[in-house]
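First comes one chain, alone, set out as structure tokens in the form predicted alone.
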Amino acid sequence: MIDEKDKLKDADTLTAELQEFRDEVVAKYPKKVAKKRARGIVLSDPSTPPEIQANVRTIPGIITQRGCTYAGCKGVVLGPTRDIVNITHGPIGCGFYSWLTRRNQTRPTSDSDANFIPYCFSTDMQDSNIVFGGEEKLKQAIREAYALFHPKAIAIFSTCPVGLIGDDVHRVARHMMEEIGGGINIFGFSCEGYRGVSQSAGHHIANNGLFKNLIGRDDEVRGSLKYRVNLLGEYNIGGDAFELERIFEKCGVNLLASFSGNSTIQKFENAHTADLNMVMCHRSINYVAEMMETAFGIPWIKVQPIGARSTAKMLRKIAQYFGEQELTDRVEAVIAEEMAAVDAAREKARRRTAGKLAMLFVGGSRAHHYQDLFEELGMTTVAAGYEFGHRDDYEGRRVIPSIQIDADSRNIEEITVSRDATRYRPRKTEEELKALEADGMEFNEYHGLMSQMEKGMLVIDDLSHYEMEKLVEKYHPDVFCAGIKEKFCVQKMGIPLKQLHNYDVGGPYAGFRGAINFYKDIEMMVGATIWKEVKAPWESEDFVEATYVY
């Protein structure tokens, strides 16, 4: 275990130790495994990010943090939408596990506003359906859902057995739209769990489905004509979207749609009338941003509303884009007003958090974004990585042309998007875009996780359970951020773990008030003395450690 004074080592010493740790961990694997894992563990360099191996299959036998393609499609992207009946075509376990585990919240505008998030819809496939096919059972489930709820749309999500036996959810969707009639929209997703190497494939499939089946179906221009934006990759975990909606409203910014926190069908269908797309989680939603720019002429920028300073930066980007003094003045007034409480809360928390170590191994964006909050608390993120990131999430979008498309990626449908003949409308002229870029605004750009980490810190893609244990054993971080699979293992080692997939019972953590909530929660976690009373197994019990014989 490392003493507090040891955590304040100079950067060169820490980097040397991390390099030594990397070599030590990799050496424990069999030779073929070690060669592969070594490419997924690198030391960060913000000026010249090293190439990292990412978005490849997890090595069989290694305990991974990842989820499946179905989880990314249904559980992440479509799940937070309140007025779509999302039917899982598969065994009940798949539907149940993807239901409410992310703590997606929503806020219906009236008592008559449909909200299906509290329901778990599944065809509950049995052995007989595997043998004889499940399409008829799926049709009956759609009839039953419509009879009970009369939704505007029904989405069908394929699980592993569906792909194995060949049920065609898209054909069923077409047949049931004809049978029910009345303008209902029914569509399917071929998101079988095995289709990709992680839930990232499900995000891509969901993006394609959103564009083909929802975006652009409603041309009515609603609300204010000024400052019309969409926020992509925000899923309202713990109420994040509510806090961001509050801030946008306070600034006079018209948030048309969020993809997909606190979202509705109408917001998706009307999103193409916005003037700016802001991408929060790059990995899960960048496909939609690019498709909407190609089809409708809406530029997109990367934003980061996790952390108070980052939230202020996002608001200033919006004001810069629209270029009106009225909006700029209002944004600055809101920032000044909100930051007073933020600064007070941060300074109070920093007395207990400054100099502490954090580790972040979460899904796309969170392992990057939450470093801003830790920086504000004076904490160092000594190791970080994604569950399902691609190389561009680590190294920046500049590497996209050099990424080789492998067989797993070819399992995902690539849809061709072209300029809409009647609705394409450039929101800015070429001259205006160039002027904004000359003033520091970046379009269609993301610099990746490593651009922000200190030089020499550890970056690990698809962290294994063994690597996690060794990180904790050697560095004893003050807080470890990951998911439910790791939570209780890490806490038994005497380290507090904060789930950043669903925030445990906390949140919101986005925006200004979210930053204050995070300061308080982390201050409480790293300051709790109970963790010193928990002894890791290697500290309190005899254990046997094996080595591989090559």
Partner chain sequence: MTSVNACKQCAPLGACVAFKGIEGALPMLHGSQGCATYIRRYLISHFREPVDVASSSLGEEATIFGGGRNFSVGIDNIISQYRPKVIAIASTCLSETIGEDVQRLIGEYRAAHRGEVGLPEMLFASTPSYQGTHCEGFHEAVCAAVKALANGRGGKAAGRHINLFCSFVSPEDIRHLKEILADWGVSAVVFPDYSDTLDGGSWGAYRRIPEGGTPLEAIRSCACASASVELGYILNAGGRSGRVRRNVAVQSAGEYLQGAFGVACRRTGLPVGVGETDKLLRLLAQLSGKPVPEKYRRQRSRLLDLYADGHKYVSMKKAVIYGEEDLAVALVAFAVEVGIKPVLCATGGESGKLQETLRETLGETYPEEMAVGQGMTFEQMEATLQAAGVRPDLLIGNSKGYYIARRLDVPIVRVGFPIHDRIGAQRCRLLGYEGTTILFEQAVNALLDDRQRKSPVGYKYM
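Residue numbers count along the first chain shown, from 1. None of the values given here were measured: they were computed from a predicted structure.
The form predicted together with the partner chain exists for this protein as well; it is not shown, and the discussion that follows is about that form.
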Using 4.5 Å between non-hydrogen atoms, is S122 touching the partner chain in the model of the complex? yes
So in the model of the complex, does any heavy atom of L148 sit within 4.5 Å of the partner chain? yes
If we define contact as a non-hydrogen atom of the residue within 4.5 angstroms of the partner, is Y97 a contact of the partner chain in the model of the complex? yes
Does at least one non-hydrogen atom of S451 fall within 4.5 angstroms of the partner chain in the model of the complex? no
Contact segment among 315-323, 194-202, 234-242, 266-274, judged by heavy atoms lying within 4.5 Å of the partner chain in the model of the complex: 194-202
Of these, H170, R350, K474, H465, which has a heavy atom no more than 4.5 Å from the partner chain in the model of the complex? H465
With the partner omitted here, the residue among G440, P118, G183, G223 that in the model of the complex has a heavy atom within 4.5 Å of the partner chain is P118
Could you pull out the residues of 49-63 that have any heavy atom within 4.5 Å of the partner chain in the model of the complex? R57, T58, I59, P60, G61, I62, I63
